[in-house]
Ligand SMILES: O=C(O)CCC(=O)C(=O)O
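Just one chain follows, in the form predicted alone, and it is written as structure tokens.
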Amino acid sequence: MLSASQIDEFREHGYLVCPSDLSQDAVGGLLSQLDAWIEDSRCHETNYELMMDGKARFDLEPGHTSEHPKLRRVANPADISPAYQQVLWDSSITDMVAELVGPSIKFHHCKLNIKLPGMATVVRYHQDHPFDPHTNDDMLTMLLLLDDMSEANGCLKIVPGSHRERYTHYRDGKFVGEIDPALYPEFDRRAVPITGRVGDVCFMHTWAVHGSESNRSSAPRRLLICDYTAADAFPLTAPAVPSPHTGRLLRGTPTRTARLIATTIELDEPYAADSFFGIQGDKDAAHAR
């Protein structure tokens, strides 16, 4: 599926953007279900539908109303939608993940991050591994574009080469889910905007520094995000976004043997917020950086 040069690009820069061969029907099925969830969110005033950890599956941006819905996250849509299961567990995307961190791979969790026109939420610079530390870092985050993505509608920005760097996500002894804002000017200088068309896919290393701005356009920016791990990568803490399918083998051979790498990592601490938007600060919904 992937060429040797594409695999080398992922390893060198910490990310890879390429088209997927998902059919229009497959992508359309994802969007149809998402549209239904957004429409349903009009009936709710607060986050709703508790998951196995007691947190809400559907996370609303402050200012959400029935007239102007601001559903910003759906946690683990594959738990409740066969369409999302099919794409994430048994498609060409899964095969490409196996080529990057496999050949044996497991599902960890998934989510939808949603920026509808007029939504102000930003994603502050962070790395994914501190949220779900494992025994090794053969892990990646897959991001499937469900809309054309541009800088105007708040595209993802990745800092090339940052997967070789380590930053604390603690401040004053508390896990805050973001890197020190004093480093943001340097990240802004180095970051590359990830733009693309519906159906394109971005594979991002678990240590890659990334973030995104608010949606300043009239076009939506919706992303399907899924974390995958090598079969011999085992979690060191409880999943930040738990699913009954966490650890599900998708390709290759199962193993009970954990592969450990020589490194030091901070272990995250549980947070009460329904999503990481809450620990990064809901104030961003009113005052975008």
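Every value quoted in this text rests on a predicted model; they were computed, and no experiment measured them. A residue's number is simply how far along the shown sequence it sits, counting from 1.
FYI, the form predicted together with the named molecule isn't displayed, but the following is about it.
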query	finding
Listed residue (Leu223, Leu34, Ala230, Cys226) with a non-hydrogen atom within 4.5 angstroms of the named molecule in the model of the complex	Leu223
The single option of His108, His129, His163, Arg73 touching the named molecule in the model of the complex, heavy atom within 4.5 Å	Arg73
Among 89-97, 163-171, 188-196, 206-214, the region lying within 4.5 Å of the named molecule in the model of the complex by heavy atom distance	206-214
Heavy atom of Leu156 within 4.5 Å of the named molecule in the model of the complex	yes
Partner contact for Val123 in the model of the complex: the named molecule, 4.5 angstroms, heavy atom	yes
Residues from 100-116 in contact with the named molecule (non-hydrogen atom within 4.5 Å) in the model of the complex	Lys111, Asn113, Lys115
